[in-house]
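One chain comes next, on its own, written as structure tokens: the form predicted on its own.
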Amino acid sequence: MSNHSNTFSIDGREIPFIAGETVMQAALKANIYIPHLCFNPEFPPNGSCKLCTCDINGRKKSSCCTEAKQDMQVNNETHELTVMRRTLVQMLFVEGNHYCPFCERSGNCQLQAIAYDLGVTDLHFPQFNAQRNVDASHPDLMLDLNRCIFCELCIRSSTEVDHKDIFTIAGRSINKRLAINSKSGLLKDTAMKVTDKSAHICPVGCIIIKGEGFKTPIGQRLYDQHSIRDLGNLRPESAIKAKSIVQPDVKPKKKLKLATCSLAGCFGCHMSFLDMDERLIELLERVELSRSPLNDIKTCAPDCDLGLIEGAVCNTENIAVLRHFRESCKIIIAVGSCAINGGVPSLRNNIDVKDCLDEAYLNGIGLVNPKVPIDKELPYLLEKVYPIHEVIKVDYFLPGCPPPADAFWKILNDLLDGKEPELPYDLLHFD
């Protein structure tokens, strides 16, 4: 029997609930956004992602699994919870192999959208580079286990709605993976169809429908235009405070020295930097350009203020350049997906270096006198490609592939004005 006289509070706001409802269910009805990934109102909660954890009567509990009670006190929008949720999202990113610039679900991915909402600009932790397979055996569907976040929504929908019981979880720890209930272990040998509920419920890019990838232009995708909390929920009353970083010793109006460099990458971030166009003239009234491929100066001034670094770390020369920048620059900014999470160059991280060299110099198409170069002047390739924060301390992260020119303009002007940089939603992109 319904009873709307029951109420509890979320962030001081009185919320009605029906006996038996959870905190999450009552919050959604009241248009209050609590971050979540594994919760779906069509299925019983299982509380696996923990993103919906709130402070409930003084204890940290999953709001999707906690039954609402009369006069319960719930805190949802606090700085402590935002930092905790941001850390959970960063752990999900490094535990899997989530590279937004070449993921078909980018722009429509709930993990990415929550990361934007929480102000995630970097991974913070070293990447696991887990060995996970891609199953493209099905004629209409593809299963990319690199993206799986173990929300189990596909398992529940396949069992409870499709009545096919196709998915399960196997293994533990780093070997934990989504598995297929078929003799071959492949999706093609199941009864799964593209019309099944489980084919459409994945919140990330693990289950992909073939032939539909990248059909919506960047800028027009769901989360390009809308925050995840805007889609049926309220915007937060409290701004998400930027992560705690020591305020740089930058004073307004001072002409600062700026250096830039590119490691393993495509130079796309420098091209985007140049897209500031006429604003570059205004910028040069406030900064003096030190080492940069834009002016061909080879060495940083020893008292450089800002260092912009794009590209990933793939060889010994990259490490030397990074250390030189760290010694010379007061503030280091990692620019773009390659610098922040390894990007495209890190796709070789699951392949032996020798196999990479053989494929490039011995087995490639159209090679004349194939030979792996061994000149002593050439830097040595590292076994893996690393984001730069795994080699040196990084002060700020400017995400994007590449970051838009407006994002360069915003972060540089914030620093020049002596303010803590903060990117608005429309400038925070991972692709």
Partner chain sequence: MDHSLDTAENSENLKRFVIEPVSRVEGHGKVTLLVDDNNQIQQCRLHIAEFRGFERFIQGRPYWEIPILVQRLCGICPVSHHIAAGKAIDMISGVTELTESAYKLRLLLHYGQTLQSHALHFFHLCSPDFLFGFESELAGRNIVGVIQKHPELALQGVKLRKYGQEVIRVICGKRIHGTGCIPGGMNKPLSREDKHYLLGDTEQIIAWAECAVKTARDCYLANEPFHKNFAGLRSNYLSLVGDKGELNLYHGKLRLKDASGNLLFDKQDYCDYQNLIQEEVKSWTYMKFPFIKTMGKESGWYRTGPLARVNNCDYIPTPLAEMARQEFVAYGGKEPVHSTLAYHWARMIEVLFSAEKIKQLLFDPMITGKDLIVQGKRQSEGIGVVEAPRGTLIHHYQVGEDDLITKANLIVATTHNNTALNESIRIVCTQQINGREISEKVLNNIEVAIRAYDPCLSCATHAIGRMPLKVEMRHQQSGELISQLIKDIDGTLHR
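Numbering follows the first chain given and starts at 1. Every value quoted in this text rests on a predicted model; they were computed, and no experiment measured them.
Below: the form predicted in complex with the partner chain, not depicted.
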The partner chain contact in the model of the complex: residue 144, any heavy atom under 4.5 Å: yes
Would residue 295 count as a contact of the partner chain in the model of the complex, using a 4.5 angstroms cut-off between non-hydrogen atoms? yes
My question is simply whether residue 317 lines the interface with the partner chain in the model of the complex - judged by any non-hydrogen atom within 4.5 Å. yes
Since only the chain is shown here, I'm wondering whether residue 370 would be in contact with the partner chain in the model of the complex (any heavy atom pair within 4.5 Å). yes
Please tell me which of 107, 265, 203, 96 lies within 4.5 Å of the partner chain in the model of the complex, judged by heavy atoms. 265
Select from the listed residues 381, 65, 391, 56 the one whose heavy atoms reach within 4.5 Å of the partner chain in the model of the complex. 381
Counting only heavy atoms and a 4.5 Å cut-off, does the partner chain in the model of the complex sit next to every one of 123, 126 and 330? no
Stretch in contact, per heavy atom within 4.5 angstroms of the partner chain in the model of the complex, of 174 to 182, 79 to 87, 350 to 358, 191 to 199: 350 to 358
Going through 372 to 408 from first to last, which residues have a non-hydrogen atom within 4.5 Å of the partner chain in the model of the complex? 373, 374, 375, 377, 378, 379, 381, 401, 402
